[in-house]
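Just the one chain here, laid out as structure tokens, in the form predicted on its own.
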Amino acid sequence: MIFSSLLFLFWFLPIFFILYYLCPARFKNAVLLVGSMIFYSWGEPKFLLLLLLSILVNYLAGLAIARFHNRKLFLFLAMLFDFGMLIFFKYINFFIENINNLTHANIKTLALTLPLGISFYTFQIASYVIDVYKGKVKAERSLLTLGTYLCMFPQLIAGPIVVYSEVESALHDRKITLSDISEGISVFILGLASKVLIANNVGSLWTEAGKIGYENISMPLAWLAMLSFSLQIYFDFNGYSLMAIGLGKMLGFNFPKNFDMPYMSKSITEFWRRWHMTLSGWFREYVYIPLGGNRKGTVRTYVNLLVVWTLTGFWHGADWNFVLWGLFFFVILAIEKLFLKNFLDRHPVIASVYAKLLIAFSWMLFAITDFHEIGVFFGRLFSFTAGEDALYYLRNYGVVLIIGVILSTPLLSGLYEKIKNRIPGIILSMLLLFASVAYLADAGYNPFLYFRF
């Protein structure tokens, strides 16, 4: 089940929230847990057992770490289970294929389906056990409470990545006000409209370019296609994050912000402080700093960055293009750290153009899995070939592209903040909801890009 579906909007959501609001406070975690299990198992019931096993294993590991002296052993066993499951389901066939390619062996790949949300919930539960080991949080004594933390349907499938300390108090005692519900509904509708009205529409242009074949598109269409995917992935993932944050607010939780106008960045360093903030924060807290961060000399700092960005790329997908994508950012960030950032800080216009181009180029490494096709596409970007194809797609997608560009800047955010709680803001929300529902009722193109990660 996905948020941008009529099933979720008109069946699951109203039934769940009626039950959730009517039940006494002491039963809300139970209702949330059961509702989240139904939500998760609707599409993939066979992987619900894996999710429940993750709760149990990490619950016991947390208690063992808190109680026994051999704490490192229980931490190791929990990490072995968590990341062992992630590696098995997500990466085992990648390793088999590469072993076959290198050794000319004929090892058969496994018929596996990637469990929905495993990359996200693995990071969440691993952070809980690590924080218990470090003494940052106390081991949760209630299996129900820990299960609720891991399974909360708003952020279960695609984040934001919520560490236990951020919601610990709300898990035990939360108050839900009409103001929270109202704000949550507004944020949810914004996210739904971002996903349905912008991401889906601009994404169609990127899909069409792929169907034509990158070798057959003109240079202007290649640039339009690159712009369309850049907007699609932002409004797709930011839209999902906004819906998750809005739903969390309606449940009585304050989930962390995941995006902060990332395309306004003037360096790649700044971009990763604004894009998928909960993921970059997780890697900083649980990988970069434990490796030594920047405290052990220059060489060690860059080695640590290399490890982090290789893992960041690989986390996104079991394919070499994702590793290349991560290494691309490592190289750029290393150059900025060495000398370029000072220059960019002094020349904001150049910095803005530089950042936008590199971000857009990076998305092509992310979106295209075949290295040959990556080369073909970049060749078309600089082929200096004209063509009427770009004019055709500009006529069809020009308006939504312009809207997407404007909404990825803070130009209208200030105005929205002023009116969101007034009559014009309420009317706008209702219109966006109506338009989103109308689109869902009629359209067949409705992917969530980050579900495959």
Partner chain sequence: MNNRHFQTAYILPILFGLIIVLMLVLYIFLPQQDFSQKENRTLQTRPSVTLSGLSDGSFMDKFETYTTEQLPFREFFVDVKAALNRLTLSRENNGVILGEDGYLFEKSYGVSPQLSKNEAAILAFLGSADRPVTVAIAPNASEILKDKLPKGCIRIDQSRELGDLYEKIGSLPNGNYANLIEPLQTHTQEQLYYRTDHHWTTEAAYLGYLEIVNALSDIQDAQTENAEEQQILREVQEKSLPAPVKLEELQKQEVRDFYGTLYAKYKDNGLPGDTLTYYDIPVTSFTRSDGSFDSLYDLEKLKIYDKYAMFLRGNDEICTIHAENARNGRTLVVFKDSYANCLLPFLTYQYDEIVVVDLRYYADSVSELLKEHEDADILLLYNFSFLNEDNHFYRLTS
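Positions refer to the first chain, counted from 1. Only a predicted model underlies this, so the values are computations on that prediction, with no experimental measurement involved.
The next section is about a form of this same protein that is not shown, the form predicted in complex with the partner chain.
Three-residue site 52, 129 and 318 fully in contact with the partner chain in the predicted bound form at 4.5 Å by heavy atom:
Result no, not one residue of the spot touches the partner chain.
Is there any non-hydrogen atom of residue 185 lying within 4.5 Å of the partner chain in the predicted bound form?
Contact with the partner chain, yes.
State yes or no: in the predicted bound form, is some non-hydrogen atom of residue 163 no more than 4.5 angstroms from a non-hydrogen atom of the partner chain?
Judged by the heavy-atom cut-off of 4.5 Å, residue 163 is well away from the partner chain in the predicted bound form.
Closest heavy atom of residue 18 to the partner chain in the predicted bound form, within 4.5 Å or not?
So residue 18 counts as contacting the partner chain.
Wondering, does residue 250 line up within 4.5 Å of the partner chain in the predicted bound form on heavy atoms?
Yes.
Just one of 53 to 61, 22 to 30, 416 to 424, 66 to 74 has residues with a heavy atom within 4.5 Å of the partner chain in the predicted bound form, so point it out.
Heavy atoms within 4.5 Å of the partner chain in the predicted bound form occur in 416 to 424.
Of 391, 34, 405, 48, which residue is found within 4.5 angstroms of the partner chain in the predicted bound form when only non-hydrogen atoms are counted?
Checked against the cut-off, the match is 391.
Quick one: from 233, 189, 351, 268, grab the residue that has a heavy atom within 4.5 Å of the partner chain in the predicted bound form.
Of 233, 189, 351, 268, the residue with a heavy atom within 4.5 Å of the partner chain in the predicted bound form is 189.
Using the arrangement in the predicted bound form, list in sequence order the residues of 1 to 37 with any heavy atom within 4.5 angstroms of the partner chain.
5, 6, 7, 9, 10, 11, 13, 14, 15, 18, in sequence order.
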